[in-house]
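Before any questions on binding or motion, here is one chain by itself as C-alpha cells, the form predicted alone.
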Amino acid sequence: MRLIIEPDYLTLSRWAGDYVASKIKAANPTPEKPFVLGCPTGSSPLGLYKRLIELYKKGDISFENVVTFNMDEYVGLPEDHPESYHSFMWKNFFSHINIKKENVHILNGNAENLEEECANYEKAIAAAGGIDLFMGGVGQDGHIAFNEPGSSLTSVTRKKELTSDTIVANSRFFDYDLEKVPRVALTVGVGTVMAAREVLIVCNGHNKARALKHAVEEGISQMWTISALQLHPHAIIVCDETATDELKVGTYKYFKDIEKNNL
C-alpha cells in the first residue's frame, strides 16, 4: 500500500486527479479497449473531480473512451432527486466532460428486482473487462462504498442496510432531517473493489484520522472495511495532514520518506 500525505485538501485532490489522468492517458484507451473507471460520491472526491474537469478543459485528457461504474446508489430515491447519486455524478462530473452517456453505469435503486440489478451490475463489470482503477472515499467508521462495519471482505454488489452513523453523516445532504435519509442502498462489495486492478482512496480531515489509522497500522478486519486494502497489490490512499493525526510518528515519517521522490 502507498500512503501519499499532502499538506491540505486542495493539494491532495490535485495529486489524485493528476494520478488518475496519468493512468487514463498511459492506457491510451480505444472504443474496443476502453479504460474502466470506478467512481465514488460524497464530499471527499469533489476536489478530485474538479481537477479532472480542469485537465479535460485544458485538453490534457479525454474521457471519450472511458467507461465508468459507480460505487453505490440509494434505494427508493428517484434518479432525478437532487441527492441521488445519479444527480450527483452528472452535476459534479459527467456533465463537464466528454464521456458518452452509454458508457456511464450507475446502480438503479428503483429496480423492480434489486437482487437481479446487483447481479447484472457485476456481470456488466466483468463484460467491460473489469475495473482498471477504482476511486473511492472512506467513512469515519472506515467503510468504503456502503460496506458498513461487519461487511464481508469478499462481498460483491448487493443491497445494504445503512448504519445510524452513516444516516446521521449523510443527513447534511438532506437538510439534517434524518427522516429524509434513505435507510437502504445498493453498493458494490469490498470484493468488487478489491478485484479492480488498482484502487485509489481519498481521505481528508481529522474526522477520518481513526479510519486511516485502521487502514494503515491495524490488522485486517471486517469492522473496518478500508483495512482490506492492505491485501491489494496496487492500493493508494491519498490523505491530508489532519487525517494523519492518529498515526504513529514513525509511520508518518516512513511514508513521507519513501514517497518524497514519487509523483
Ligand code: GLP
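This structure is a prediction, so every number in the text was calculated from the model and none was measured. Throughout, we count residues from 1 along the sequence that is shown.
Although not depicted, the form predicted together with the ligand is the subject of the following passage.
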- Query: Does D72 reach the ligand in the predicted bound form if we count a contact as any heavy atom within 4.5 Å?
  - Reply: yes
- Please run the contact check for G137 against the ligand in the predicted bound form: heavy atoms, 4.5 angstroms, yes or no? yes
- Query: Is there any non-hydrogen atom of P34 lying within 4.5 Å of the ligand in the predicted bound form?
  - Reply: no
- Message: So, S84 and the ligand: in the predicted bound form, are they within 4.5 Å at any heavy atom pair?
- Response: no
- Query: Which of these stretches, 40-48, 60-68, 25-33, 231-239, has heavy atoms within 4.5 Å of the ligand in the predicted bound form?
  - Reply: 40-48
- Note on the structure: Interface check vs the ligand in the predicted bound form: of T166, N108, N103, S155, the one with a heavy atom inside 4.5 Å is T166
- Even though the chain is shown alone, can you say which residues of 184-217 have a heavy atom within 4.5 Å of the ligand in the predicted bound form? K208
